[in-house]
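In the block that follows, a single chain appears as structure tokens, in the form predicted alone.
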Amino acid sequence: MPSISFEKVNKKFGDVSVVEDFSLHVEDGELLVLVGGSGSGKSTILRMVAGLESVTSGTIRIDDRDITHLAPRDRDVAMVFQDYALYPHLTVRDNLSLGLRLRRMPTAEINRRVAWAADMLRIESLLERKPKQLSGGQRQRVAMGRAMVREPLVFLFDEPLSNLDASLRARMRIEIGGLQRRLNTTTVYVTHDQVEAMTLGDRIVVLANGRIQQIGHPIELYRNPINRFVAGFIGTPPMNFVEGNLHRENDRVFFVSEGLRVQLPAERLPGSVPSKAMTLGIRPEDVTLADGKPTSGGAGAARLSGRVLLVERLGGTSHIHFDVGPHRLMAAVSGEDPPAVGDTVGIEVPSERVHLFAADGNALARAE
């Protein structure tokens, strides 16, 4: 399978820049996920690969072949859209084969490819139905099959699961991931959903305002976010943030804010960190109730006191929202007997699990 290379790609709509200095190499057979919020430029990047948007400057290559200015039909890529884009008057079989028939491919080869895709996607029994007779998940499989029968060099997925309900999205994530690995086709997948990104991607590219924020394997982005944006975007539930200052006492360094004081391991801080405004980050799953069974912390944990504001019971896990002074924090705790709203609870914040961000948002210290 080919690789994809982006070399300083920029895209402007008039005077508005939507993609800036985008450089990236997608490995052969890799499933790369572009994730970001609305307006981050992720779909525009995908459409430039497909040839549906022109490139303002820069170069895109597939397998060392410059495709920057090629017509879409000459790029040998297949794209799966959010809205399925099936022809309502055609059967599933005809939707799958239409592109091949327009290319005047031999009938025997068309039948082979349609049968192969239908078998891979388990839609053999649906071939004579029309789209209105299909569920959302079945329509998505047909849309995927239409891309598969082309046997392209590259698959492009543009938020393909956004129209499905939560349980069906979870099932389709498993199917898409398994299918991509069986086919071993280089794939670029666009989503705004960080859960999809974390569960599907071999690597993830986090985007904001048309620029790359961080590239890495899912667990790398989760454990070591490079800045506050990535820290808040990756992880469910999202990271807690507290504004405060660093305070030095002899050889010890503390993060201090109203109602909150956490000692920081000095060896994890750059020697030149000044005593000025900072942001402390702590993931909800790293916050534990002091009167429960802490899963981390110990001697290095800061002990705080908070008043419970809301309890979200999710079965074996509960999300506890509480106030510590003026700060609103959340803890993700296990067990079926969480505290009640209004209770005052003891809280442990393990110092080795906190993140520290400078005023410009860049990470200064990351969790171990």
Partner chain sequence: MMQRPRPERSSMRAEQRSAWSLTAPYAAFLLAFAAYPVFFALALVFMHWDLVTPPSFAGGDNVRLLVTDARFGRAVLNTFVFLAIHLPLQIVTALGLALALNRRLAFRAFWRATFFLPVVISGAVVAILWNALYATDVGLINNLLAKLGGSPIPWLTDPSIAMPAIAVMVTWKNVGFYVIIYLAGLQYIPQSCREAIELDGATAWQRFRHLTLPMLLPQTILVVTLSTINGFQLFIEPYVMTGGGPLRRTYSVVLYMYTNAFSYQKMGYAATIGVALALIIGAVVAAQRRVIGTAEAA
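Numbering follows the first chain given and starts at 1. This one's a predicted model, so the numbers in the text were calculated from it and none came from an experiment.
Quick note: we don't show the form predicted together with its partner chain, though the next part is all about it.
Visitor: Find the only residue in Val77, Ile234, Ala197, Ala117 having a heavy atom within 4.5 Å of its partner chain in the model of the complex.
Guide: Exactly one residue meets the criterion: Val77.
Visitor: Only one of His89, Lys276, Arg122, Arg252 has a non-hydrogen atom within 4.5 angstroms of its partner chain in the model of the complex; which is it?
Guide: Only one listed residue qualifies here, and that residue is His89.
Visitor: Please determine, with the chain shown alone, which of 143-151, 208-216, 185-193, 222-230 has non-hydrogen atoms within 4.5 Å of its partner chain in the model of the complex.
Guide: Only one stretch qualifies here: 143-151.
Visitor: Contact between Gly137 and its partner chain in the model of the complex at 4.5 Å, heavy atoms?
Guide: Gly137 lies outside the contact set for its partner chain.
Visitor: Heavy atom to heavy atom, is Leu98 within 4.5 Å of its partner chain in the model of the complex?
Guide: Within the cut-off, so yes.
Visitor: Is Gly259 close enough to its partner chain in the model of the complex to count, meaning some heavy atom within 4.5 Å?
Guide: No, no contact at 4.5 Å.
Visitor: Does at least one non-hydrogen atom of Asp165 fall within 4.5 angstroms of its partner chain in the model of the complex?
Guide: Flag for Asp165 set to no.
Visitor: Out of 34-59, which residues reach within 4.5 Å of its partner chain in the model of the complex, heavy atoms considered?
Guide: Those in contact are Arg47, Ala50, Leu52.
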